[in-house]
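Take a look at this one chain, the form predicted on its own, written out in C-alpha cells.
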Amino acid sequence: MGVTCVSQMPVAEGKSVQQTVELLTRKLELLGAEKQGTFCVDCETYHTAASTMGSQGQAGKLMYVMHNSEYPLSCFALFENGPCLIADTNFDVLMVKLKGFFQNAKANKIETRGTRYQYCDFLVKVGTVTMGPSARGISVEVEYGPCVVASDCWNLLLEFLQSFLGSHNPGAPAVFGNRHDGVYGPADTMAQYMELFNKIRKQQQVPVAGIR
C-alpha cells in the first residue's frame, strides 16, 4: 500500500448524504477514474468494564475494534492516543472472552461503505458513514500507491483531492506529523478512520441539517 489520506466531506448545501456522494463519484468518473469494486470499514467501541477500574474513580478507557475490507484477514484494535494492535480475525472471538475486562458499547457500531475508484496511481474510496439505519456523513479516502513516506507526497495528495472536492480543503492528517520520514502503514489509515468516526459521533449529538 501507499500513503493514504482519510477525510470527511461536508454534505452539499440543500443535498442529502446520498446526493452528495453521487456528485463526488460523478466528478471522479468525469476525471476518468474507473470503478474497482466496493469497500467497507467498520468500528465497534469497547469500554473498560466497571469491575476492573477499582474504587479510585478512574476514568474508563475506550478501545476501538476495526475491520477494513482491504485487509480481510486482519483485525485492528486501537486505543485513543495509544498503540494499534494488528491481529487476525479471531481477535473478535477473543473480545467476547474478555467481556469481564472490556464491554461492547451497544448500538455504537459505525461503518462506512462505498465504491473504490482507480485513477492512475491513486485509489479513491467514497463512502457513506452509517450508524444503525441512518446515514451520518461522508468519508473520502485517497491512497497514492507509489510512495510510502507521507511527507514526500502530501502536496500531491492535496492537489488531487482538490481536483474533485471543490472548495473543501482537508488538512494534513495528524498521523502524517507523527510519521515524519517513517514508512506509512495500514495502522496509520485505521487511526485516521477512528478519528473520522469519533468526529462524526460527536457531530450527531446535535441535529445536522441535510442528513437523512
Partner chain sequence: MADVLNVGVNLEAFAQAIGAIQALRSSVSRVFDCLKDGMRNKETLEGREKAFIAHFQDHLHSVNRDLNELERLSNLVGKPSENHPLHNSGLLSLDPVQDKTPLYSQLLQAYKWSNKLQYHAGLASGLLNQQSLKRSANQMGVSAKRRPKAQPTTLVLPPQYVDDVISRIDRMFPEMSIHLSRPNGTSAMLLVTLGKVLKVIVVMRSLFIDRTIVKGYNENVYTEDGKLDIWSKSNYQVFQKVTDHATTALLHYQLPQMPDVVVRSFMTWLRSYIKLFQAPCQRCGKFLQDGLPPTWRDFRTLEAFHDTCRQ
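Just so you know, these numbers come straight off a predicted model, no measurement behind them. Residue numbers count along the first chain shown, from 1.
One more form of this protein, predicted together with the partner chain, exists but is not displayed; see below.
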item: Non-hydrogen atom contact A187 with the partner chain in the predicted bound form at 4.5 angstroms; value: no
item: P170 within 4.5 Å of the partner chain in the predicted bound form, heavy atoms; value: no
item: Partner contact for C153 in the predicted bound form: the partner chain, 4.5 angstroms, heavy atom; value: yes
item: Distance check, F160 to the partner chain in the predicted bound form, heavy atom within 4.5 Å; value: yes
item: One residue of A49, A174, V149, C40 in contact with the partner chain, assessed in the predicted bound form (non-hydrogen atom, 4.5 angstroms); value: V149
item: The partner chain: the contacting residue among C120, A135, A105, A87 in the predicted bound form [heavy atom, 4.5 Å]; value: C120
item: Among 91-99, 124-132, 69-77, 138-146, the region lying within 4.5 Å of the partner chain in the predicted bound form by heavy atom distance; value: 138-146
item: Residues of stretch 1-33 in contact with the partner chain in the predicted bound form (4.5 Å, non-hydrogen atom); value: M1, G2
